[in-house]
Each structure stands twice: as C-alpha cells, then as structure tokens.
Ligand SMILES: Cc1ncc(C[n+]2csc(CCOP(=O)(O)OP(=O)(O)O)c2C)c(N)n1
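Quick setup: one chain, the form predicted alone, written in structure tokens, and binding and motion questions come after.
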C-alpha cells in the first residue's frame, strides 16, 4: 500500500490503539493534520497552548494506564512541550510526543521555526527519534510506544521533518518490536526474593513504603495481600497514593515532608523498610543521614539505576513490582499484629491530621469534596499548598485516582491533566484541586473544556498568595513576603462565565457542601468553584527541607 509518511504515522497510531491526541498544529504539521481530517478513529482535541497538550496527555496516561499522545509543531510549538515532557519523565509517565520539524534539507541552518528538539529533550525523554526517512515511520512509532509503556515507563519524542511526512512509502505495519539493546528485566532473582522473605519473617518493626511503581505495574492487589497477610503497615509516596487504599486500617497515608507524623515516626523507628516502586526522593528522606537509621532495606524496582542510588540497600530486587510481589507472596508466612503495630496505632491516635475551626479552611473543603464524591473521584492537582492538603485529606481508595506532578513539581499541571483524565475516563467524576496561582498558569485550557463538553470540576483554593512560598517565608524568612502576593487577580466567576463555563464563589463554610453538590449536577460543562480560604493557613505536618524527623512541625488537637 503506497501512502505518505504522514499517513503512515496516523495509521501506525491507529494500530497502537490511540483514541485521542491533544495537539496544536503549525505549518510543518499540515501533512499530518490533513490525514487526521480523514481519520475517524482518532479524536483530536485542540489545546490553546502546547504545554496544555503535554499535561493533558500525561493526565490521560495516569488516569487510564494507556500511552498519552500529544502533537506540536516545530520551534516554539515543540519547546512549549518541554515542561510537560519533563514532568512526565520525572514521574515515569508513558506519553509519546510528536513534533513537526523543518525539512531535512533545512536542518541545522537556523531555518524558520527550527529548534533542535531531540537535542533539547534528550535528558528528559526515555528515548527520542529524529526521523529522516519516510520508510522508517512505522518502525519508529512501534518502537516509541514499546519503549514508553514497558520497563520503567516514560516519555518518548518523535520529531517528523515535513519532507518525511510528505514522502511516499510502501506501508507495511509493524507487528513485532525487538530492540536488542533494550530488554528490561521484569522477573526478580529467586534468591533475592527468598532473602527478602526471610528478612520479613525476622523483622520486629517492618514498614512498607510504596511508590508510583506499584501503580504503573498494576501491583496493588499483591501489595494489599502482602499487607493483610503479614499485618505490615503501609505508607505511600505522593505518586503512590491509591496504590494501597488509604481507608484501610493498615494505611499510614503519605510520608515525607508533609506526610503524616505517624508515617514518619514509623519509618524513623522501623527495623525493616520494604520499598516497592519508590525512589527515596529528597522530599521523602529529608536529611539522608538520619533517614530510617535503624532499618534494613529491601528495595524492589524495575529500574536498576534506582537501586542504591540514594540509600544503602540490603536486599535489592530488580524487576516488575507485580511479578516480584507475586513471587514473594509464595514465601511470606502469615504474621499477627504485634506490639509494633500497637505503637504505630498509638502514634496515629496521638498525631492525627488536624486543622482549626475558624474561617473557611482548605482542609475542610477537601474533606467535603471527599464526602460528596464518596471518595470515588479522580483528583488532579496543581503544585503548592493545595497539592499537599489534597494529598493529606483526599483519601484514595484505588490506583490511578490521584494525579499530581511529584518530581518536577509543575505549577499549572492540574487543570490540563484533569481535562486529559476526564477524556480518558468520561464516566468518572474528575475534580481538579488547584491553587489560584497554579490555575492561572494554564487557565487558557478552560475554553478547551467548554468546547469539548469536558465536565471537570475545578476547586480553586484561593488564598491570594503563592501559598507554599509564602509559608516558607513565614516560617524561615521572618515573614518577609517578597513576590508572593497575588491579590491582584481576575474574578474567577466572571472569567468562567466569559469562557462559557459555570462559575461559583464560596466565601463561607456553610456554602461549601451546597456548592460542591451543585457542581455535580453539570455533566456537559466545566465548573469553576472559587473558594476564598484563610490567607495564611499553613500545611502541617512539615519537616523543613534537608532536616530530620526531629525537626518535624506538627499541629495537634488541643
């Protein structure tokens, strides 16, 4: 079958099962968009900024487990994807970004809208391709999707020069991918797994520390079985939220800088830390020398580069979390709750998550979102104080329920990611919990949600500050609030209405539940809820950056 490179690209995407592309066209993308015009199997959603396309593809991937796809043209279109690609890379999210490029004859000549996007994205992609021959398109697409979704998932970029899109080839679909230099190890070593089981049997104070790798490998059922069989308590990272049901009595919630005090105490005093699909990032460990000093460490991860990167590991196991846990469960014996479990439960009772009673507080709003959605909503967040409050107070029941930029900490991520999640899971309620600063970074995508009837619910926790920076200035910089006051801001209700969305302003505690319930009545239009919260409310607990648990600041009930 004789077709163009552009047709081969679209046909290859269709064969990969792509159902939606988030994109923004440009001159060198015209051959590809012309093919999309005739393609009835793939929906194209026109974003208003390429960063929104990358975040929407990312949110779609996190919510569905499938590969997200975004398009951008050459030059600034491609570079506008960079923040979104880096966000996906830091959090191991499978997306394929396809960029147009100037003709191969114009490469390297500072041509109009030329940018070396493969060079730029080399450190922030799992792999990238500059396609120089049209006949390579089917193989490149197949390899890109294979690389993105296998092993440790991550973003892959395909750069398509315009003449490659226009070239005619004899198209043959690629049905099998074999990359000799890329063979991720998925099965854990049997001897290491037996060593781990032995260590678990002998431990007196074990704790499981689960990360996003549990979710990406689909290992939540095995994690639940391990915890219930052994009565080992589970704490998760931000990206691991939902890997283990936070409503389960064995859940300790999130650990780390803004994690629960009891999770941090448990890790500080445990004698065995079982890390599963987690990478010991600095927001979890704080001061490395003081982190889990009394513990031996089992570390299960698909990426051998993560093993021993940050902390000493006693039993490393390289492999897919699901497969490793399945093998581990063959050797792990039942274990009854011990005095260690009782001690942690005492900490849990003594140091609950807590907030005050006066005024409209963000924690209250999030608890009410949880109640009106019965804890069943998919939640996407921006980055800042609201992100940490959401992580603390929206207790996730399932994997792929909490979508947040963990590694890169990208403000503006939440709203477009929520759009992508709603597109991928149209029958689920999707709540975006955002800050007023974070929302303003990508609010232009509101018209995309209106145009496509994407009924996301957006709860802006509006304190008219860049709140997390202000909190640090309050606590560590003598309240010198420099560059954080954003009281000069649009009327979000009028803004929503100007875009054709529904807008609400909530200023009193007693208005919260009615507003949230009202938002659920709309199923074909986005709803923007502007919650005017107390301006100087802080996120606690908090372990200052680089410090140990001894420096943890907590707020306890009186």
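Owing to the predicted nature of the structure, the values given are computational and were not obtained by experimental measurement. Numbering follows the first chain given and starts at 1.
FYI, the form predicted in complex with the ligand isn't displayed, but the following is about it.
Residues placing heavy atoms within 4.5 Å of the ligand in the predicted complex fall in a single listed stretch, namely 462-470, out of 462-470, 237-245, 145-153, 299-307. Proximity to the ligand in the predicted complex, taken as a non-hydrogen atom within 4.5 angstroms, holds for one residue of 259, 77, 435, 399, which is 435. Contact with the ligand in the predicted complex, judged by any heavy atom within 4.5 Å, is made by just one of 455, 411, 82, 443: 411. Interface membership of residue 211, defined by any non-hydrogen atom within 4.5 Å of the ligand in the predicted complex, is ruled out. Residue contact check for residue 384: one or more of its heavy atoms lie within 4.5 Å of the ligand in the predicted complex.
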